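Encoded as structure tokens, the following chain is the form predicted alone, with no partner shown.
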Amino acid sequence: MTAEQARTVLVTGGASGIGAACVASLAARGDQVFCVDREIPERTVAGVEYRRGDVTDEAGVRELIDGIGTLHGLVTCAGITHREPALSLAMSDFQRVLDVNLRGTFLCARTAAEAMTEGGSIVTIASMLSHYGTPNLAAYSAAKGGVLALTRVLAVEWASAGIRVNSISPGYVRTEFMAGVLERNPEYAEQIRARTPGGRLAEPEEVAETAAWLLGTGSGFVTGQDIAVDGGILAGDRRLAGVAKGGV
């Protein structure tokens, strides 16, 4: 990538999981990458600028993006989950999940859009759970469903300014956290493979490459869309995705 083609991209939640894969992928392409997370990871990517921050803090988000200057891209990977039946879910836990996943996405997207010129691109991270219901994840599903709807609204509002907004709905992804879960529970790993037409989990890098494409000029007329990186789960019989059994 030439200096003229290099982009300045902010990745939220970039210390681990899908976010870390996005940071590494974009840096490898020659982008100037800023990563914001609550903690700076022990392993960092050369050339990437890491910042501590809270995506729910409006003043902090503003200070962060003002300090970066002009942005060409944003990937909103910051997110948390909480598993509990709806009837026993505390409102404080429900609100916390919405604050990080939905409010944080909105704050970062809106502030980033103000720092973008024509040709800017925003990629939000939704979830396959944006598309169907599964037990015990009311807060997470509501938040990610909100991200999906928000993405479409922002895409329509900002198209005339030349800013594109798209989302990615990952399925099961082999993050470090998920790898540990599967190592402790091989039966669950087999259930996931059975539920996924593609027969395996996605690698974080596969989600990151999709984000990189959405940020680039090759997707220049794509906006307001959601791309499922799920091995075919959403295309198939969703009962196989574990809805009836309470799977994630």
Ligand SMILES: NC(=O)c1ccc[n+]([C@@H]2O[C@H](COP(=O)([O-])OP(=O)(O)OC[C@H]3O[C@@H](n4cnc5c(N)ncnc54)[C@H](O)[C@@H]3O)[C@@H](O)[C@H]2O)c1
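From 1 onward, residues are counted along the sequence shown. Everything numeric here is computed off the predicted structure, so don't read it as measured data.
Only in words, not in the display: the form predicted together with this ligand, which the text now covers.
Partner contacts here mean any heavy atom within 4.5 Å of this ligand in the model of the complex, and among 22 to 30, 66 to 74, 53 to 61, 218 to 226 they occur only in 53 to 61. Contact annotation for Glu39: at least one heavy atom lies within 4.5 Å of this ligand in the model of the complex.
A residue is said to contact a partner when one of its heavy atoms sits within 4.5 Å of a partner heavy atom; Leu137 fails this definition for this ligand in the model of the complex, lying far away.
Among heavy atoms of Val173, some come within 4.5 Å of this ligand in the model of the complex.
When contacts are judged by a 4.5 Å heavy atom cut-off, Leu102 does not count as touching this ligand in the model of the complex. Proximity to this ligand in the model of the complex, defined as a heavy atom within 4.5 Å, singles out one entry of Ala142, Leu89, Ala113, Ile80, which is Ile80. Interface residues of 102 to 126, taken as those with a heavy atom within 4.5 Å of this ligand in the model of the complex (partner not displayed): Ile125, Ala126, in sequence order.
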